[in-house]
Ligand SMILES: Cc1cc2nc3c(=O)[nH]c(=O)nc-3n(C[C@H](O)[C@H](O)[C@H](O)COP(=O)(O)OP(=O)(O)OC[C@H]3O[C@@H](n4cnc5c(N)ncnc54)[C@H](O)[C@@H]3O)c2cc1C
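Shown below, as structure tokens, is a lone chain in the form predicted alone; questions about how it binds or moves come after it.
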Amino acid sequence: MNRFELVEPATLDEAVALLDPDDSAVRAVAGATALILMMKARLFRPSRLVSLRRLQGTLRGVHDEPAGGLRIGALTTLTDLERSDRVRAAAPVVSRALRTLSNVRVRNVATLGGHLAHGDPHMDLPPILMTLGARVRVVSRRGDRWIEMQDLVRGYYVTSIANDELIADVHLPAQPADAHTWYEKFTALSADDWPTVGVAVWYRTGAGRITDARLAVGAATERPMRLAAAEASLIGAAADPASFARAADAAADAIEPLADIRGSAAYKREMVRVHVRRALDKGR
């Protein structure tokens, strides 16, 4: 690894002041579980790392919002998120997914903010948070702004977070009681490996018909993304295997799969078809 400066600010204001809007080699780190691997492989050579480990307060933990929903601090570890009673009650799909998100050693260190800011398309939580309607708050010396979860990742390891911005927290809105949710993770290796395909579904029903639907896919494509054609095919349809199969076909036809060591583009397309259908069925 190359030589770099390591700084440990004590406050959020100090942290953002140490970032450089014009230098992508200056990077904030929290758990650094992914970044260190990239540095060892010489895929990333920082000039300065801004460690967030000393920051406390609302940047950590899961908090109830006055208007409903949850606010999750960016420095909340994935283990704390997994064990949170608030998260389990508000969004059990998140708690279930975290059980096989990497291994316990990584979850003990990795943070929610780092998980999202990394921009890796194989991450489990982005497609789930998309379907739950989550938003991300980022801060900088210019102030703060909100980013819809579906707009956070723009491409392969590319996000809409500027060089001088940090994720402060994630807002998870209150979920309707009649929402059906599921995350279907398919791995080619161990259960806690990165997914070959990850599919998240969220839909509501009334009078035997689907009234609203959100579907998202990760790992199969260069970025986690909503499946608009599949969502549209479900609106007004019965929540039955035939409707789920049509939505799965629409999802498979709409994506441009990304081939990698976990499967070819053609294989991943078929796995999306299979697992969209399964996720919808399991969500019933």
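All values derive from a computational prediction rather than experimental measurement. For the two forms, the rigid core is made up of the largest set of C-alpha atoms that agree within 1.5 Å on superposition. Numbering starts at 1 and follows the sequence shown.
There is another form of the same protein, the form predicted in complex with this ligand; it is not shown, and what comes next is about it.
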Interface check vs this ligand in the model of the complex: of A188, V106, A179, V158, the one with a heavy atom inside 4.5 Å is V106
Picking from L166, A91, L129, L152, the single residue whose non-hydrogen atoms come within 4.5 angstroms of this ligand in the model of the complex is L166
Testing 194-202, 80-88, 210-218, 143-151 against this ligand in the model of the complex with a 4.5 Å heavy atom criterion leaves exactly one stretch, namely 194-202
- prompt: Are all three residues R27, L101 and G113 in contact with this ligand in the model of the complex, where contact means a non-hydrogen atom within 4.5 Å?
  reply: yes
Although the partner isn't part of this model, could you tell me whether A239 comes within 4.5 Å of this ligand in the model of the complex, counting any heavy atom of the residue?
no
### Task
Answer for L37 alone: is it within 4.5 Å of this ligand in the model of the complex, judged on heavy atom distances?
yes
With the partner left out of view, is I72 within 4.5 angstroms of this ligand in the model of the complex by any non-hydrogen atom? no
Q) Is the gap between A252 and this ligand in the model of the complex 4.5 Å or less for some heavy atom pair? A) no
Applying a 4.5 angstroms cut-off on non-hydrogen atoms, the residues of 116-141 near this ligand in the model of the complex are A117, H118, H122, M123, D124
Taking the rigid core as the reference frame, tell me whether Q56 has a CA displacement of 2 angstroms or more between this form and the one not shown. yes
